[in-house]
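Quick heads-up: it's one chain on its own, the form predicted alone, in structure tokens.
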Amino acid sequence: MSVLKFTPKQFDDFVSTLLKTGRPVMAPQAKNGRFAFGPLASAADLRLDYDVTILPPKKYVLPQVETLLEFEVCGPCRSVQEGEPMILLGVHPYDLAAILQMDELFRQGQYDKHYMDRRCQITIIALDVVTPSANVFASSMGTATVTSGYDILLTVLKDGSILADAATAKGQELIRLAGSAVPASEADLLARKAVWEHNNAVLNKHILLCKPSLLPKVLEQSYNHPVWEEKARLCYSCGSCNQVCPTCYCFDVQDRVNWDLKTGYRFRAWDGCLLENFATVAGNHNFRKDRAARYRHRLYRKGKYVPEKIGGQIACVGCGRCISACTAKIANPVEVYNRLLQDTKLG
């Protein structure tokens, strides 16, 4: 199907139609002066011009808390599969890149059926960034725009019209509901290309001074660099940088017995490597008790450990949420990576 073009009114009508499909639509909306993904009740509440949301949309593919199974004490258990068909509307390219990374991580090795079953039920409508946020650096990380991984990609042109490009069968199923939208012209497609070129240039409030692909090598030579201790002295170990990160996927698994003392459930919940007890194991042993070690681990996860699992792609997509969330102002990965780059003289 060709790329379709909507006027703002036609697009509102399209969104209103999506809301009548019976599937929940999660989309960015204004919230106390900022933006957040949540259930959309009306097309008028949708904010295509949002800069960045407080939490990334990963919460819909990997919920903060998720029941995995229910059990009877000393008895049988049954797996619980949560999730439902859902439309995730307005996902910025960097957040989409993060979801695609998690898809790969949860698919490989021990296939995570809970994650994958939920993910397969979600239709993602991506959205090219309209308003750059204060700390975005997606251009540096190669995630300012995307060419695949979405079901539909929306691009808002300068004249206010909106292009919709359906890339999958799920996307085409939705785009058939578009009603009076018309095929985009060659001029429209050129205008979209101009948006991509613009975004690839300007979503860069913090400039990484090397290609992301060089970071694993830089980190390989920086394990004992003094920057880890210097930054960690100011760290509260609050884990805010972990909780707002679209690529952090660590979780803790616990069993809870219900008040009847006969039944219970197992759940997983987001965890964070900056938290003091993240690495505590049986016997109360903590193999990463030192704050500097935890701080270093976060940056190594992003720049070396996870890339080794997913074909080299850096596990930082440049959304900048960690920079905004950190009250101690020590979470900027670009600042750290640039310093290491300078000291290793690899740049």
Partner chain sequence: MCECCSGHPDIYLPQMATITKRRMLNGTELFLHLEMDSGEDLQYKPGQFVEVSLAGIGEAPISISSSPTQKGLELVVRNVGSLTKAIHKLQVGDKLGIRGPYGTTYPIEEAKGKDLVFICGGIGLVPQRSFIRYALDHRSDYGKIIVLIGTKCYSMRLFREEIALWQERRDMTVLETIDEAHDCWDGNVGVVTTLIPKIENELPGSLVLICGPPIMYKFVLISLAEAQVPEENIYVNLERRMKCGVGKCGHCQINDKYVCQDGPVFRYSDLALVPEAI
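It should be emphasised that the depicted structure is a prediction, and the values quoted were computed from it without experimental measurement. Positions refer to the first chain, counted from 1. If you superpose the two forms and keep the largest set of C-alpha atoms that fall within 1.5 Å, you have the rigid core.
Only in words, not in the display: the form predicted in complex with its partner chain, which the text now covers.
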Looking at Leu234, Val130, Met116, Ala167, which is the one with a non-hydrogen atom within 4.5 Å of its partner chain in the predicted complex? Met116
Please identify the residue among Asn277, Gln221, Asn200, Gln172 with any heavy atom within 4.5 Å of its partner chain in the predicted complex. Asn277
Would you classify Arg266 as touching its partner chain in the predicted complex, given a 4.5 Å non-hydrogen atom cut-off? yes
In the predicted complex, is there a heavy atom of its partner chain that lies within 4.5 Å of any heavy atom of Ala43, even though the partner is absent here? no
In the predicted complex, does Ala36 come within 4.5 Å of its partner chain, counting heavy atoms only? no
Is Lys309 one of the residues lying within 4.5 Å of its partner chain in the predicted complex, judged by heavy atom distances? yes
Only one of 295-303, 22-30, 50-58, 315-323 gets a heavy atom within 4.5 Å of its partner chain in the predicted complex; which is it? 295-303
Would you mind checking 143-165 for residues with a heavy atom within 4.5 Å of its partner chain in the predicted complex? none
C-alpha of Gly33 moved at least 2 Å between this form and the one not shown on rigid core: no
If you line up the core, does Asn284 shift 2 angstroms or more at its C-alpha between this form and the one not shown? yes
